[in-house]
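Quick heads-up: it's one chain on its own, the form predicted alone, in structure tokens.
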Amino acid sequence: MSALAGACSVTLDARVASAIVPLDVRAWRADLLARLASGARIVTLYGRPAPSAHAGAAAVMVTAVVQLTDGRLEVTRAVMDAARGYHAMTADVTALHCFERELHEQHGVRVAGHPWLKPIRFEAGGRAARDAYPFYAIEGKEVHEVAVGPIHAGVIEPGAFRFMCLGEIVHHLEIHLGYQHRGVEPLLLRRDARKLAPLVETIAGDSSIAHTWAYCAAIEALTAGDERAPVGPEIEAARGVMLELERIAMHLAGLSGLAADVGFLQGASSYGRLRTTAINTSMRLCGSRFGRGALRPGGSGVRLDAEAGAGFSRAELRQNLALLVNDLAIIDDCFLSARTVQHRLKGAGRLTTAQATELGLVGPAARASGLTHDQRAFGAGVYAEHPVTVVSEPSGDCWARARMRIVEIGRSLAWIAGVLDGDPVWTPRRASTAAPLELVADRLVVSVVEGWRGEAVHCLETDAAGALLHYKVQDPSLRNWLGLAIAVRENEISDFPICNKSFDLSYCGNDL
């Protein structure tokens, strides 16, 4: 299957779903492993009830999406009986662990030989099953267990962390989530697929733009038939600016939290203040500090005027960017040169490049361990006209993850400035009403967007009548939680807060 690169997202072109011939289970397993062994990387793997044409009420259609080194997406499928299932692939490709666990959890598919077949969130088991989660235990007379959560102080979302320690050293951390489960995916199927943006914006509130762009790109592909409907360059540019502002704001929030956790109060206050500038800029552009209302299929809610007036002018946007550039240069230097910061962050929570690759990490957490994967590098549209230079850090520790945030903020500010050099004027635009946005029947589309935390993946499929048959959402946190658990090993338990904040993962994004 061919792929179409669109704007920030890498989007699998809308294709006739029935033309994707499901393989025999063994052939599918061998095909997927062969693709991954040849250099492709797994993007997602998920299941849904198989169509009635396939015998058996317990039949499950399993779809795997891989990405080639040039950015193209490819799909391979199988239909299997849930009770019989297949032999696990996690032992061969560790990055598949979360997908196989979720497949078992959501559809009851037997995954034989899986080394860690524990649910991601106990979706079907209810509260009793969730509370009976079988945490791993380490035997030993001097080993002690530290339980944190699921209820945390302040406004932190619920999640259970179980540490197995010898003295102050963590030998094993197990993270159990599922307390935020909101049934997002079923809810997405109950409404008009073309009007889901307000719901998609709340999948993970700190990644509203990333998820909504993935949704918009998928709907735009699904309503185009064999040729994708063009989205105007001004709309793509506005989307790109909003996405980079979201990246800047959330990296600033993370740096503020890291600085607070190590007692560097100058950084905590300064980064927090500058985050306010970033989110207020988003608010002036679209009316929401979190970018809600900024993106809609085929349209945009972003407004940028040529001159100061009722809206937000280019000059005012440039002033805000200049303030961020100027003040960040000062506080970044203070943060990076402070010996107290270096002492706490360097060497803590280290993940090697090999570990990050094996675990399938995505986003800044992966790039801080030497990987260079970034979906924006594959994009077309505004990201082709204004390319993004992918950067990485080699050390893979909390220091590297902090430096990644600083570097990415600088790159995003420079990228927005480059877009503004064209003196754009943006006016809120709705999708054209000349031709109704009707979904094409029997199509599958996969859209991947590089958000600030990593890639947001949306997979939409329509049935023979053009109704939305399945909607799969994947937040990057799903891929990275195990990375945090591995990174904490052999560190002092007092280092967990900075390791946790350096990954900065989403509870609600995982607990869909």
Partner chain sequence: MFKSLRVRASQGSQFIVDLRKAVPNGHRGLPTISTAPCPEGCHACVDACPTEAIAIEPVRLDLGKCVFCSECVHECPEGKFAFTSNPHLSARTREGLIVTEGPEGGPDPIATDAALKKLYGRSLRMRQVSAGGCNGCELELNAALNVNFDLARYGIEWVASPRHADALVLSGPLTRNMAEAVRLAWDAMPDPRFVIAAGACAISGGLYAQAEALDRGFLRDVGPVVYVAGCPPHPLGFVNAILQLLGIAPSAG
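Positions refer to the first chain, counted from 1. Remember, predicted model here, so these are calculated numbers, not experimental data.
Keep in mind that the form predicted together with the partner chain is not shown, yet the notes after this line are about it.
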Of 175, 439, 391, 283, the one that lies within 4.5 Å of the partner chain in the predicted complex (heavy atoms): 283
One residue of 333, 92, 168, 307 in contact with the partner chain, assessed in the predicted complex (non-hydrogen atom, 4.5 angstroms): 333
Segment assignment from 398-406, 379-387, 73-81, 202-210: heavy atom within 4.5 Å of the partner chain in the predicted complex: 202-210
Contact of residue 181 with the partner chain in the predicted complex (heavy atom, 4.5 Å): yes
Interface membership of residue 151, the partner chain in the predicted complex, 4.5 Å heavy atom rule: yes
Touches the partner chain in the predicted complex: residue 198 (any heavy atom, 4.5 Å): yes
Residue 127, heavy atom within 4.5 angstroms of the partner chain in the predicted complex: yes
Output flag, 19, 34 and 108 jointly within 4.5 Å of the partner chain in the predicted complex, heavy atom basis: no
Sequence-ordered list of residues in 86-122 near the partner chain in the predicted complex, where near means a heavy atom within 4.5 Å: 121, 122
